[in-house]
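This document opens with one chain alone, in structure tokens, the form predicted alone.
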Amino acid sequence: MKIASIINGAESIDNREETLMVYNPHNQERVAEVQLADENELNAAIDNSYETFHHTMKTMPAHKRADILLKAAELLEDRLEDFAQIITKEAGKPIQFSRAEVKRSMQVIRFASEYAKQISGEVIPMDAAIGGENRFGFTKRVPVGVVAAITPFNFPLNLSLHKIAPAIAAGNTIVLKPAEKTPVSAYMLVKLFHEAGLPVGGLNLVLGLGEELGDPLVKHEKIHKVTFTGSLGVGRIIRENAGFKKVTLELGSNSPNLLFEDADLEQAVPSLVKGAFAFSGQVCISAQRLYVHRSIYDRFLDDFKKRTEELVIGDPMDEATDFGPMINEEAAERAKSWIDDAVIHGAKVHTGGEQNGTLLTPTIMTDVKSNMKVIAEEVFAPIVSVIPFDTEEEAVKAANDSIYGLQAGVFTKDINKAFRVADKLEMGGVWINEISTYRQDNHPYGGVKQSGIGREGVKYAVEDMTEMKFFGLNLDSYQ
């Protein structure tokens, strides 16, 4: 299978040598050959999106945008298995979780379809100001223009749609630059939207290397907003290069989960196994740091280890598989080196920690120190650290001792303590009696500190993809 960028509905395939192979992380079978775009193609895509915005999308009525989105959701539902299979092949995600991602993606599009008809402004009480008598004022939200969407490999369909669907709902056009490791699902998605009736210039796909196309995409004068999900390092560069453009950055995390002495372990332990090791820990809000009250620490650790070792490791295409490979061998080797470094400095591996190619077995660590990479940085791997605490203040202080602040989990039956702790945690979101890894597609999602800027979740993304425009009228002029 050979794929290329899609600009104004046409694939730009030629005989150039600049190609990239996409391999299945599990067995290294070739999934696709990608013809890489150059800067000329990128500029063509941006110009086409700019023209389409001004000539078509900007004036497209809300009901039509909503209908296109609804049709796209219906088409995706019809092709659920096709998309799930390709996600598993290009990302190595177990098929059961790939199907769940496609179902969530359908929901994102439907949320966007519904919200496209609800974008509204407000009437301003002009006479509240001295001299405002006989003046009428109101606001409306207008689309920003061309949105650059730069997406990661870990949820190649759903995270792309968290950018694309709200952009369409708001009346924008999009230039999509997906992760080079997982371009096939993006390629299929763009074709699906065109089939659903979206003007072909409304969504252009550029397949290329981030280091070559990232800067010119972000800096381009015809790009009005940049929305990015990925690493902190790249996010910093985007923030510096974007100038006065609107920017949404969904960056890293090392999410803490706090279990107090009255936590329901029957509910918490299996949830945290899933939260720590789903998609081999390659999730921004993966449960990376578990702070457990000392009175339940031993019981928790024993059960957590037992349930972790029951995970079925194997071929992601197997229906029974719970746990598969990391995205590539380099990522697995990097994570293994962090484990080894922590052990050298006194940490203990309770289970896992074995690497073979792209597979790193689910790893539970204890006796970690706050300056170890497995605690201080985002591991983005199947590594979780379990840390005892004695007091509420100690746990909150440790959880907040991070450059990140995306999402956290708090487990307690004491509702007063739950809200008190949640208020003290420096996070964009806190779940009570739920794992940090849980995300719904309709709540505001985003971080504080160096976890990012702005919020996703369809309604909140639409707000960031529109501008508020004021209209004022002097009624005296009509008398």
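Each residue number is its position in the shown sequence, starting from 1. Because the structure is predicted, anything quoted here is derived from the model rather than measured.
There is another form of the same protein, the form predicted together with ligand NAD; it is not shown, and what comes next is about it.
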Practice task
Evaluate T358 for contact with ligand NAD in the predicted bound form, applying a 4.5 angstroms cut-off between non-hydrogen atoms, and reply yes or no.
Solution key: no
Exercise for the section: With heavy atoms only and a cut-off of 4.5 Å, decide whether C284 touches ligand NAD in the predicted bound form. Expected result: yes
Practice task
Answer with yes or no whether K177 is in contact with ligand NAD in the predicted bound form, where contact means some heavy atom within 4.5 Å.
Solution key: yes
Practice task
With heavy atoms only and a cut-off of 4.5 Å, decide whether E101 touches ligand NAD in the predicted bound form.
Solution key: no
Exercise for the section: Have a look at 207-215, 88-96, 114-122, 303-311 and name the one stretch with heavy atoms inside 4.5 Å of ligand NAD in the predicted bound form. Expected result: 207-215
Fill in the blank from the handout: Exactly one of A278, L192, I238, I364 comes within 4.5 Å of ligand NAD in the predicted bound form through a heavy atom, and that residue is I238
Practice task
Please pick, from G145, G405, G230, G324, the one residue with any non-hydrogen atom lying within 4.5 angstroms of ligand NAD in the predicted bound form.
Solution key: G230
Practice task
Kindly confirm or deny that I150, N154 and V234 each have some heavy atom within 4.5 angstroms of ligand NAD in the predicted bound form.
Solution key: yes
